[in-house]
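Okay, so we've got the same protein chain twice, two forms, each given alone as structure tokens, structure 1 and structure 2.
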Structure 1
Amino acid sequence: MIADDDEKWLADDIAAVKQNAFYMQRAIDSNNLKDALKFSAQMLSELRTSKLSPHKYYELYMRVFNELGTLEIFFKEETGRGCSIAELYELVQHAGNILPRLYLLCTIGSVYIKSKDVTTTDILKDLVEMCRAVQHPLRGLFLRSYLAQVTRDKLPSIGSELAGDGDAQMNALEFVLQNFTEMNKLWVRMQHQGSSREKEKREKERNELRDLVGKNLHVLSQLEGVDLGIYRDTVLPRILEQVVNCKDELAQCYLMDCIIQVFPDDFHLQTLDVLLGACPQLQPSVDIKTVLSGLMERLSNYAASSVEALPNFLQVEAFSKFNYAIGKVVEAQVDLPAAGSVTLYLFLLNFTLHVYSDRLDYVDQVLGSCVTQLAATGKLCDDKAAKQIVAFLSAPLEKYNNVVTILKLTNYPRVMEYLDHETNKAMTIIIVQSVLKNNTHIATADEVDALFELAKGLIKDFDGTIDNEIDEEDFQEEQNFVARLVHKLYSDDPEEMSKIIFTVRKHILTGGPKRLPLTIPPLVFSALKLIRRLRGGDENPFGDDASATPKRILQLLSETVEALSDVSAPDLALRLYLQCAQAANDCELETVTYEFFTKAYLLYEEEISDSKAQVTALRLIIGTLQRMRIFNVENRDILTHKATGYSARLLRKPDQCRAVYECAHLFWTDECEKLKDGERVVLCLKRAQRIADTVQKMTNASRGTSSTGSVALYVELLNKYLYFLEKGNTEVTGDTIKSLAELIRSETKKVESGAESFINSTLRYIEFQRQQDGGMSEKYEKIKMEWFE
């Protein structure tokens, strides 16, 4: 209903304006000055309405404004026809109502100034003083806006045709400042018009009119003669006085932003202490973050665009002033939430990173200031504040793209302490991803220690909590980041690399039973790479107290892998023991190698009970033991005997058979003549064949016929015999192979076997070798089988 009334009133007022404008134009066309003034005053009287909302009043004002342009041209033409401009100036003051009278005065006043018949100062002073007569907020605001508009091109401003002397410039400056002050007062008073229930609506309407006030500041920035000195001594103090004293949230926020945007960057830099000094005096409800961020962003862009400006930032101590001002704002606004204070320091940090990127002490000082503020808050439970902290910590990371640089900031980890568990982990992942993405070289134990202190959210349980409820896939991904991080750590100095490994171990072992199976393997393999670098050197090239010796590192690994046995990961521990045994063998450390095998055997006997896991573990043991060259006869016999014993005690007979024939490789090593025992090889193969016979009998007893499984075991054994025949084992005879082949042939006649493809491939291979030239064909000629007859 109110909106409909508004439209009706506006339509009526516009109709009246059009009607009076028509008669005014007709009077102008007939050069009738008296009627032109009469109808223009009646047209302007429509602006006296109090019924319209500010938005609708603005529409009416623009209609009148367009018509006044025609009237101004008419006044100029009248002066050209001999009419005295002074008399016109006096004549318009006879208008009956104050508002039309002042609009007409402003119109003729602009013509009077341009005629140069009187000093600009006198007219400006007269107009700005007489406009005080209208104190209605809305009508007064638009009247002064009109005054500013018609006199804008009459001031001695940059690019104006009316350049003046020093006094004229100062008087013009005073005119704009005075008009700005009065307009701001009227604008602020608008909030008190009407009932308190409509306050929100009035604030919205006021916000729509803010540019009317802000245009004055733009005019000030364009005035000729407003140099740094005048701006510092006159303009800025007068503006800030009005901003602070108006005590209005909307006005303060908008005008501070206007100051920042319209005046030159160098002015801001040279008057930074004055501008920042006003910030703590603003109303607590003012969004000071927006004000300060706008100022810092403006100055950051200024520094980036002009290399010559950088010394000025150091000269005026911009960082110190911003840091002090933000501290004062936080201190003054006691109700400022944690997210708000962190955001302020985030803006300061971004400013510092842009302008003082080489001053790590400044960056660390900002971090320290944030810590001081957070100390009163404790752990952040506010999601918004936590996100701001993540952005705060990410800023230097994105700027430097080097975690090593971040590690030099002593307050960086102190800020992270205020994050909750989940947010801390998220921030840690960002840090680790930065290392991986930028291929950051972390080469000292001290840096590694500092990095892992930062990454403790991923490495160990946080504040006694356990990640039982975390998604398993997410947990695996998190620990994968840790593993990749461990592999990135490297130093060319073996001694330093050894210290790195010891440091990583210290942190990794705090991870708890869920993490250790995922984090110990990369540590072990990183240490094994170091051992291989050291292999072939002196026993201790760094002195008796050095940590970078293969023996000492292997002892460390033995203790480390042992931790896996305590967290129910025996399969993984056994694999790592065997890897370490291989490294010890390469370093010719027999005692250490034997110790690793002993630990692996104990794990196999005491911890691995699943039959499939036993088969896999036993194959790993046999494969690793076969490559050992360091053992003396006694130690090798002990370990070999144990392995063959384990093979015979597997649960399933086929697994026994395969494990036993694989043990044959333990008695034959190509590279060492001392480790070639053909007789024991054949004994293992015959023992395996007996087990295969047992499998056949058991199958026949249960099914009444031969099985594919037993035939496949025979074929596998046949291939083992052929392998050792080719290797030159004289104990492997043609008769032995022939008898096994005949056994296979007879078994395949009893039942269709799925092993036929395997058999045919083996037979083709034998035939192929018999047809080769040289010693290999001679070996295969010993094999006489009916298949080839």
Structure 2
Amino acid sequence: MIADDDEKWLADDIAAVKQNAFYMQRAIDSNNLKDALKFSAQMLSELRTSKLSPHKYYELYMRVFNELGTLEIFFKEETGRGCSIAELYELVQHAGNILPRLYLLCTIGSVYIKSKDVTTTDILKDLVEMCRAVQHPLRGLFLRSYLAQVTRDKLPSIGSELAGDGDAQMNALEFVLQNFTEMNKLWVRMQHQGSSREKEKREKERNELRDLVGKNLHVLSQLEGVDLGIYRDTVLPRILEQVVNCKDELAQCYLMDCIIQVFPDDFHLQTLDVLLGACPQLQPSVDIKTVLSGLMERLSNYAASSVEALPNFLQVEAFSKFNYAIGKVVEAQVDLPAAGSVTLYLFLLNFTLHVYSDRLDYVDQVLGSCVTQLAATGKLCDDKAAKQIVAFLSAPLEKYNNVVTILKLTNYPRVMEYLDHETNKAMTIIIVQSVLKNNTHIATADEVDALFELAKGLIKDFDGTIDNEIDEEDFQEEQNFVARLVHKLYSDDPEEMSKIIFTVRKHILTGGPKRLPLTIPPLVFSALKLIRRLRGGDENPFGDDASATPKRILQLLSETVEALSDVSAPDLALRLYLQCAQAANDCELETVTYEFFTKAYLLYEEEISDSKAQVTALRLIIGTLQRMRIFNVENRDILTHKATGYSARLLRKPDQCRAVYECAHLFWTDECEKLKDGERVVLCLKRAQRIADTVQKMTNASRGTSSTGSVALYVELLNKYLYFLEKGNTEVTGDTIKSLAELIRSETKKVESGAESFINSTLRYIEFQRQQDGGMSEKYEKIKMEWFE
């Protein structure tokens, strides 16, 4: 409905404008000044309407504007025909209605200025002053906009022929400034008229009109001869005064942006403190972030675009000014949400990173300011703020792509302290990912210390908060990052590396039972790597007091792994002990190795209760022990004895059997002649066979429900025999093998064993070896089986 009315009114008004324009044109064609004035005034009267929305009014205005162009030319011609322009200037003021009168006055005024009859200044002053008479916001805005439009190309500037002197130029400036001020007042006033119900609509309408006001600033920026001095001393303070005093959100926001966009970069740079000084004085509701970000973005681009500009940035201390200003803004705007202030700092940070990429101290200062701010608000809780702060903290990471640089920022961890732990964790992951992605080389213990201090969120639980809702998978993923991070820490200097390990350990041990199983292994392996490196180098390059001796590290590892056993991850602890033992063995540290084994055994005995786990653990123990070279006979005996003992005590017979025949390997080491004890090997195998026999009996007893187990065990045993036979164990006799083979044959005849293919391939293997030339066939000669006949 309303829109329809709007259309209708507009149509009516346009029709009237057209009609009067037609008559005016006719009067102009016949050089009838009086009628031309009369009809132009009538035409202009259509602009007196209050019915139209700004949008429609603009349409109407444009119609009239086009017609006024004709009138202006006519006035010009008229002055050529001897009608004095001063007379015309008076004549148009006889119009009874103010709005047509002032439009006409502006039109003739522009001709007057061009005619050079009078000083431009006087006319400009008069026009801008007279326009005060229109106090209706919409009509006033358009009138003044018209004034700005028609005088725009006629403003005196230095070097222009219209310029009387420097004064004139100053006055042109004054003119534009005053026009701007008045327009802004009108514009702001629109907001306060009419009912509060339509506030939103009005705001929208006002927004449509903002460019009318902003245009003045554009004109100012185009005004020739406005140099830095004038801008600093006159233009900017005047504009800002208006902006601040109007106390209007929309206007302040728009105009600040306008200022930033229309004036040159170096002006901004040189007047930063003035411009920024205005910011805290703006209304609290003004979105100051946008304003400042616009400014900083512009200056960043400016800095990026020209190298020569950079010294200026330093000279004017742009950074500290921004920093100070933002502090002030935050201080002034009490209600500013945390997200807002963080965003501000984010922009500052981005700016700093762009312009002063080499000034870490600045970056740190920004962080510091942010901390101060956060200290006032406390921990961040809302999502928006958290998001902003993550962006804030990520910015330097992205810029430098190097965590080591970040670690130099003392305030960085302090900011992180204000994050809630969700965010903190997220942030930590970002940091860690950065390390991983960029292959950042973190090579000193101090850095590592700082990094882990930073990554606390991942490494340990937060005080008193135990949330059970953590998704297990996520948690694993997070800890995975930590583990990967540990592997990234590397220093070429073993001394330093060991320090790193000490540091990492210190942090990791705080992780609590859930984390330790996931974080300790990488640490251990990293340490073992170091040990291997040390071993590879000179015996001990550091002298005895150095910390980086394998012994010390192993000592440390021993303590570290012990932590694992406390958190009920005995399997893992056991594996790690064995790994350490191996390393110790390689370093020829017998007692240490022994100790590790003792610990492993202890774990096995006390902690590992699950039978399957026992099997696995035992295998590992046997495997590791088999590789040990440094033990003296006594120690070795103790250990092997124990291992064999464990084997025999396994819960399930097949497991026992297997473990026992694995134990046979403990008595046979290829490389070392003195560790070849054929007798005991065979003893073990025999014992295994006996267990297999028991299994077989049990199977037979419960026939029907059969398991394939025992035959397979026999075949496995057969293979073991073959292995040792090949290795040259003289205790392994053809008879033993033969009888075993017989046994297998008879068993397979009795029952479908399910192990046929295993048997067959074993047999094929024997056959194959027999056919071979050289020593191997000789060894196999001993085996004569009817099977093959």
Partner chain sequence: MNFLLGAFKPACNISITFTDGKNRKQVPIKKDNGQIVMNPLFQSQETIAGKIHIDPYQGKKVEHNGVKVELLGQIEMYFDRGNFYDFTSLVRELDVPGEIYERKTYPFEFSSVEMPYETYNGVNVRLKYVLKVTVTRGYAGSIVEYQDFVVRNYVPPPPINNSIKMEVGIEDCLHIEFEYNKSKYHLKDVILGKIYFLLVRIKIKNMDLEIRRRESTGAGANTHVETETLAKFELMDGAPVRGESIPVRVFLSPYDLTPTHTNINNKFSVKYYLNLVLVDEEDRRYFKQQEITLYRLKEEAS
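Residue indices: 1-based, along structure 1. All values reported here derive from a predicted model rather than from experimental measurement. C-alpha atoms forming the largest set that superposes within 1.5 Å between two forms make up the rigid core.
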Of structures 1 and 2, the one that is the form predicted in complex with its partner chain: 2
Taking the rigid core as the reference frame, is the Cα of Leu589 displaced by 2 Å or more between structure 1 and structure 2? no
Return yes or no for Lys38: a CA shift of at least 2 Å between structure 1 and structure 2, with the rigid core superposed? yes
Once you line up the core, how about Ser761: does its CA shift reach 2 Å between structure 1 and structure 2? no
Fitting the two forms on their rigid core, what distance in Å separates the Cα positions of Tyr89 between structure 1 and structure 2? 5.1
Once the core is aligned, what is the C-alpha displacement of Leu71 between structure 1 and structure 2? Give it in Å to one decimal. 4.0
